[in-house]
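A single chain, nothing else alongside it, follows as structure tokens in the form predicted alone.
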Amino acid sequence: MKFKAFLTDNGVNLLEKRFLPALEKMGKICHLYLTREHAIFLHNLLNGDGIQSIAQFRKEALFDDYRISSQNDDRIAFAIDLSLLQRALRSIIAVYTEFSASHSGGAGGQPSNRLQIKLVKKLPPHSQQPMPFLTFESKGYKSAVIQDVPISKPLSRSDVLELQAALDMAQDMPRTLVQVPDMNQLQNFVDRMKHVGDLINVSISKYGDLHLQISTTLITLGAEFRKLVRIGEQADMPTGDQNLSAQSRTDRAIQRGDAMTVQVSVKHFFKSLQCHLVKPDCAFYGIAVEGVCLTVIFQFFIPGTRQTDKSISLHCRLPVLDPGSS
């Protein structure tokens, strides 16, 4: 199997400044899944434990001259330590930037240096067994700088098929999604709530309401975001419910089938909010069919427009306690 590409300046910025810092908050180890058209970072899709996150990039969003081949339909997947990946990328970028600033060559004065990424097998020091690495190489006029990131043995054909099946299943969207316009406000609230209890109840209605609540034997804390932008199945709140308390409105909506509620870990909920580091333009929350998970979808716009940038996608799936009980 072979993989080789050149990182674009936009790709360097997306990974180093935005996505790798956020994804590392989800978990130190993830799978990197490379196909003919996409590079995908995946957390917890094979083991089912913890929060799942899926960051998908079209190859053009990150790379130039993208080449991949394998006997598994040109698909390659392996586990990688995100902290090591981030450290190696920052190190090679520092050299790359310094070289590019002081040297230029070719037409138009463009830097002759390019940042290459590829899969290699090398013999580590004091080892007799070649090991796989994801390697960054910055080639200058007279020298080359190399950073190697150790990776797992690439997944077998059956494991790649299992990963692809899990990825396909994770694309199922909730029937109703509500848009949270201010991630900072939500994050500040959850930051305070995480000191109260370990579990948070999340309710989402077809009316465009998002209701959060943490309860202990001594205290109950809640927050409500109302009349949010909705996508998917929608309904109008009955007039008689307008002046009820948030809890009463939510209970009635659930009884009518106009809302769903799930209980998730505060730790997982807070982790998902760390995705603000990728600088999304907005976020949507929804509860999957039969309450199997809480889904958070982050949306990105093409710079300077309100059009969705379809070359980048990120969403998280938070495991719930006792799905379907509500």
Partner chain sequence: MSSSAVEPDSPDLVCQLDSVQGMVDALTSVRWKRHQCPKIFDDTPLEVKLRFYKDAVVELSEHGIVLIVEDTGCLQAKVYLQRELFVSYEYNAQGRPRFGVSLGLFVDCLNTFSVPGRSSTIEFQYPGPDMQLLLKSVDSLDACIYAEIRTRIPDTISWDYNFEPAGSTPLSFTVKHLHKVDPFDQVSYKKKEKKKSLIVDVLRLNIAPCPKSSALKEAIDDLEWPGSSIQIILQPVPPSVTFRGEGHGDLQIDFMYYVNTDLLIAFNCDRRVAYRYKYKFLRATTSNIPSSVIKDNRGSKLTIGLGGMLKVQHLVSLARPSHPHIDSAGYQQPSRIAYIEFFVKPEVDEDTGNGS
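Residue numbers count along the first chain shown, from 1. These figures come from a predicted structure and were not determined experimentally.
We do not show the form predicted in complex with its partner chain, though everything after this point is about it.
- With a 4.5 Å cutoff on heavy atoms, Phe78 does not count as touching its partner chain in the model of the complex; it lies far away.
- Taking non-hydrogen atoms only, Arg230 never approaches its partner chain to within 4.5 angstroms in the model of the complex.
- In the model of the complex, its partner chain sits beyond 4.5 Å of every heavy atom of Phe133.
- Interface residue remark: Gly197 is counted as part of the site for its partner chain in the model of the complex, having a heavy atom within 4.5 Å.
- Of the candidate stretches 85 to 93, 162 to 170, 251 to 259, 218 to 226, only 218 to 226 has residues whose heavy atoms lie within 4.5 Å of its partner chain in the model of the complex.
- Among Ala235, Ala246, Val180, Val202, the residue placing a heavy atom within 4.5 Å of its partner chain in the model of the complex is Ala246.
- Residue Gln213 is the only one of Gln187, Asn72, Gln213, Gln116 with a heavy atom lying within 4.5 Å of its partner chain in the model of the complex.
- Residues of 299 to 315 that come within 4.5 Å of its partner chain in the model of the complex, judged by any heavy atom, do not exist; none qualify.
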